[in-house]
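Take a look at this one chain, the form predicted on its own, written out in C-alpha cells.
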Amino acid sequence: MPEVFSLSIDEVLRSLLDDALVKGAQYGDIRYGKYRSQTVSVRDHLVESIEDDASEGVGIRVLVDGGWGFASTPDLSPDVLNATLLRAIEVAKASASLRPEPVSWPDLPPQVGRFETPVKEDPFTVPIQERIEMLLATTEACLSQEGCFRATAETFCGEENRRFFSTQGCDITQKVVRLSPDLMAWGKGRDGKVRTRGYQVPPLTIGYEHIRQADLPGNGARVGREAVERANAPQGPSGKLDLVLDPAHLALTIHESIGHATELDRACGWEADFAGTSFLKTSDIDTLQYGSKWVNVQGDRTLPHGQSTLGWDDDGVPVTEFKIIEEGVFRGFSSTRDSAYLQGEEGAGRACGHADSWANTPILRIPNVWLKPTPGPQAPTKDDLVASVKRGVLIQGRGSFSIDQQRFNFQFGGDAFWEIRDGKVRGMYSDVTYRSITTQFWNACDGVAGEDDWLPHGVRNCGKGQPSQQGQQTHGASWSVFRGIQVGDAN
C-alpha cells in the first residue's frame, strides 16, 4: 500500500496529543482522514451526472473532567490545529459540568497496525468513459423491451484513508474501498399503470471487479421486461399468507427490525432524537425469545467484504463478531467502548463506534448484522421453501417500509412479487405489503436456506444522529420462509 500520510503530519498529530495531556485531558484521540467518492449516473440514453467529491481534515476528541469534547477542521496548519484542540477542551469542560456521571472509558492495550480492503482492481483507475459506456449499454438493454420507457443506472465508488492516534499509544492506518452498482427500470402496463423493477446488487467493500461481475448490461433486458410484467400484473392478495423472502429483501428487514432495535444506545435512551429508541431492555438478554430456532443472527465487523468491515472501530477497538440472536434467543446488543457497561459487558465493547468522516465524532452504529444460513448438507434450498407453501407470496428486493419509533410494529413492501400456490411459483403481482410485530415476525420464521443461497446484501445510506451521519452495513441472509403473515389490507 502506498503511503498516504506524511511523517510530518504524524509528528504534528502526536504533538497535539501530548499537548492535550498537558492541558488536563485524561484521554485524547485524533482522526485524520482523506475521503473520496465518485458516482456516475445515466438516465435512458443520457449521462445524468458525474460526481467526484473529496474531503480531508482532522477531528480531535478529548476527555476532560469526565466529559467529552470534540472539534474538527479541514485546515491542517499548526496554528489552526492548536486552536481546534483548545476548542475541543473547552467543549469537554462544558460537557463535564452538565453530565450526571463521568464518561466510562475502559483501558485498552495500545493498538498499532494497518487494515486495507482486499481489492483486485482499483475503481479509480477505471476510465470514466468506460463506466459511461457500460451504463448506457445497460439502460439501452432495458429500453429495448416493449413497454419499458425509463431506465437509470449508476456506479458508486468510495475510498476512505484514515489515520488514528490516541494518548494510550494507538497508531492505526486503515484504507476502505466501497463499491455499489445500481439499476432501475420503469414499465407501463396496458391500462397505463406504471411500476418499477430494480437489479439490486450487494454494496460491498471490494474492488471494481464487483461491478464487472454484476454484469449490469447482461441483466438490463430482464429488468426492463419484469418492470413491464409488474405493471400489467394484478394487485396482490390480502389475508394471512406464507412469505418466501429473498436475501435482498431480508437485508432491509434485518436492518430495521434487528439492527436498529439491538443498538445499545437506543435501548438505554441515549439515542432518541433520530428514529427513536428500542422496545428491547437490557433485562431481555438471554431471556427474550426474539425469533424461532431458525433465527441465528451475528453482529460482525470481520465479515469478508462487509460494508462495516475494517480492522478497528473509530474508538480504536479491534473489531470482532458476536451473537445477537442464537436459536431465536436474544443474546446482546451492539455496543461501543463508552456504552458497554450499560449491558454489564466487561472490556471495551463490541467495536461499533463509527464516524462517517473526520468532521464528526464517533457514535454507536449498526455493524454488519447477518442471518446465518442453515448449516450442513440437509439444509433446505429455496425450492424446498417454495414447495412447502400452499398459498403465499415470494418477495424479492427492497421497497417501501415503515416502522415505529421503538422498532416494534412495521410494514414492508418489496421490489417484485410472485404468487406461490401449491408449492409452485405462479404469476407476478404488481404490489404486495405485509405487516407484523418484530418478535411475532421472527418467531414465524419456519426455515432458512443453506450456504449456497446466502448473499451479502445491505444498506449503504443509514442515517443516525443529530447532526445526521451516514453508515453502511451488510445484512447477509439466505432465502427464508415465514408462516401466517398479515398481507394487504385484511384484518
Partner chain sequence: MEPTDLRSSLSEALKDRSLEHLSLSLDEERLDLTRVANNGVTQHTSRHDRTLVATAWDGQKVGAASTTDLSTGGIKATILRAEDAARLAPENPETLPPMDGVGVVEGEAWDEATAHMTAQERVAIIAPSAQAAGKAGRTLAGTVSSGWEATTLVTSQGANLFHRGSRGGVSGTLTDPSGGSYRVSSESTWNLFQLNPKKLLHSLEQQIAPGSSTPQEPGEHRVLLSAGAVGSLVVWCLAMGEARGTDEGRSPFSENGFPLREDGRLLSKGVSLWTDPSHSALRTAPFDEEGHPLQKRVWVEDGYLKSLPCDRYWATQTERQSTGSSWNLGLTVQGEGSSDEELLNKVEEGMFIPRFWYIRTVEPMTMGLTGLTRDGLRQVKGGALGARLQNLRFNDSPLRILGTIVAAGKPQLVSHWGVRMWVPPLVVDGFRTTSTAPGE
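Keep in mind it's a predicted model, so treat the numbers as computed, not measured. Numbering follows the first chain given and starts at 1.
There is also a form predicted in complex with its partner chain; it is not shown, and the following applies to it.
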Query raised in the report: Is V112 a contact residue for its partner chain in the predicted complex, using a 4.5 Å heavy atom cut-off?
Result: no
Report task. Find out whether any non-hydrogen atom of I50 is located within 4.5 angstroms of its partner chain in the predicted complex, and reply yes or no. Result -> yes
Report task. Spell out, yes or no, whether the shortest heavy atom distance between D107 and its partner chain in the predicted complex is within 4.5 Å. Result -> no
Query raised in the report: Can G328 be called a contact residue for its partner chain in the predicted complex at 4.5 Å between heavy atoms?
Result: no
Requested in this report: Please name which of the stretches 273-281, 241-249, 296-304, 368-376 has residues with heavy atoms lying within 4.5 Å of its partner chain in the predicted complex.
Outcome: 273-281
Query - Candidate site L17, C170 and Q343: all three near its partner chain in the predicted complex by heavy atom within 4.5 Å - result: no
Query raised in the report: Heavy atom within 4.5 Å of its partner chain in the predicted complex: which of W358, Y208, Y199, Y290?
Result: W358
Query raised in the report: Just one of H354, R337, R195, R162 has a heavy atom within 4.5 Å of its partner chain in the predicted complex. Which one?
Result: R195
Report summary line: Across 396-424, the residues having a non-hydrogen atom within 4.5 Å of its partner chain in the predicted complex turn out to be S400, F401, S402, I403, D404, Q405, Q406, R407, F408, N409, F410, Q411
